[in-house]
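Only one chain comes next, encoded as structure tokens, the form predicted alone.
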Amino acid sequence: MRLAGRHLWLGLATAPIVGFFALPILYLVAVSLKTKDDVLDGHFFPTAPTLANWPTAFEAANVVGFILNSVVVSLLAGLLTIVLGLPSAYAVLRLKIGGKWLSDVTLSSYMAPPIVALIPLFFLLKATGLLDTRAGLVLIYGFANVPVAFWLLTPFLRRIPVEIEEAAAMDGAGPLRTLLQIVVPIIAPGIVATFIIVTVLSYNELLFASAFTFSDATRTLPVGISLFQGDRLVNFGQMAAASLAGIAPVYLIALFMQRYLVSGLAHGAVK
């Protein structure tokens, strides 16, 4: 009886928090079921629910293609970020390359507004023939998120006893072999958690994608959703339907990888 009452109070306490985060999704669902007149009226619930926005959204734009582009680009960019960020964090933290100032500079570069890099990157991609290509976006996202991966992986690396790496060195293992065969298995949950976070960051990015892609073959989902905004009228119902379809992959990834994400972040937070 006491336990049931405790669960009841716990449910009442967490309900506002769950409602706060679920409200945007519920509102998107409601808008996707509204007619244009319903959207303009501003009511939360549709007065005449309709599913017409869903097929219309997929007919009006290449929503499936946009989602596939986002998934491919974000996954490859996430892998590239890990490949670059993990050795960088290990080199700075364990091998003392660059000193303490290098880690500070790494994060400060991420704090700068992305707009300052837009023009240089545009001409760089144009010069290398990577403008309006998925490979170009993969490179941009992969490099841009390295500071995030660097700082997310650093707590995991700090938790590894130095004696383990010293024992590996005494057995003849070099830095690269120690990293791959000793360090990576130990901090695997942290690597997975970091990969998920940087992948979601790439999946949601809009500024670079809108500036560097011009065709349906390369446009990502955020750019594709922005196309529903016409010159005089915004198709909110179709935009909501496309948005719900677009966030489905992210939610599925988070759902299936939740155990690794929570475990990894929890281990990184404990010192």
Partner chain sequence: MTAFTVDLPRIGESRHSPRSAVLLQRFGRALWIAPVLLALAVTTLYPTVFLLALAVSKSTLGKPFRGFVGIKHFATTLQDPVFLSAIGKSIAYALSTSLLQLALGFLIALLFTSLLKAGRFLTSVVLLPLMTPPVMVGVAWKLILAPAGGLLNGTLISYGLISQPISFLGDPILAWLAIAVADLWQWTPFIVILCFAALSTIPDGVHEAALVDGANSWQRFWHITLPLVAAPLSSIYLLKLILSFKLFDLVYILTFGGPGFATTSAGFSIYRRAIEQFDVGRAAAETIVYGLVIGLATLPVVRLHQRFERREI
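Positions refer to the first chain, counted from 1. Take the two forms, superpose them, and find the largest set of C-alpha atoms that agree within 1.5 Å; that set is the rigid core. Bear in mind that the values here come from a model prediction, so they are computed numbers and not experimental data.
The same protein also exists as the form predicted in complex with its partner chain; that form is not shown, yet it is the one meant from here on.
In the model of the complex, its partner chain lies farther than 4.5 Å from every heavy atom of Val72. Of the heavy atoms in Glu166, some are within 4.5 Å of its partner chain in the model of the complex. Mapping the unseen interface onto this chain, Gly65 falls outside it, with no heavy atom inside 4.5 Å of its partner chain in the model of the complex. In the model of the complex, its partner chain sits within 4.5 Å of a heavy atom of Ala211. The partner is absent here; in the model of the complex, the one residue of Ala48, Ala217, Leu51, Leu40 having a heavy atom within 4.5 Å of its partner chain is Leu40. Along 162-180, residues Val162, Glu165, Glu166, Ala169, Pro175, Leu176, Leu179 each place a heavy atom within 4.5 Å of its partner chain in the model of the complex.
Glu205 shows a C-alpha shift below 2 Å between the shown form and the other one [criterion: core-superposed Cα displacement of 2 Å]. Once the cores line up, the CA of Asn53 ends up 2 angstroms or more apart between the shown form and the other one. With a cut-off of 2 Å and the rigid core superposed, Val64 has a Cα displacement that falls short of the cut-off between the shown form and the other one.
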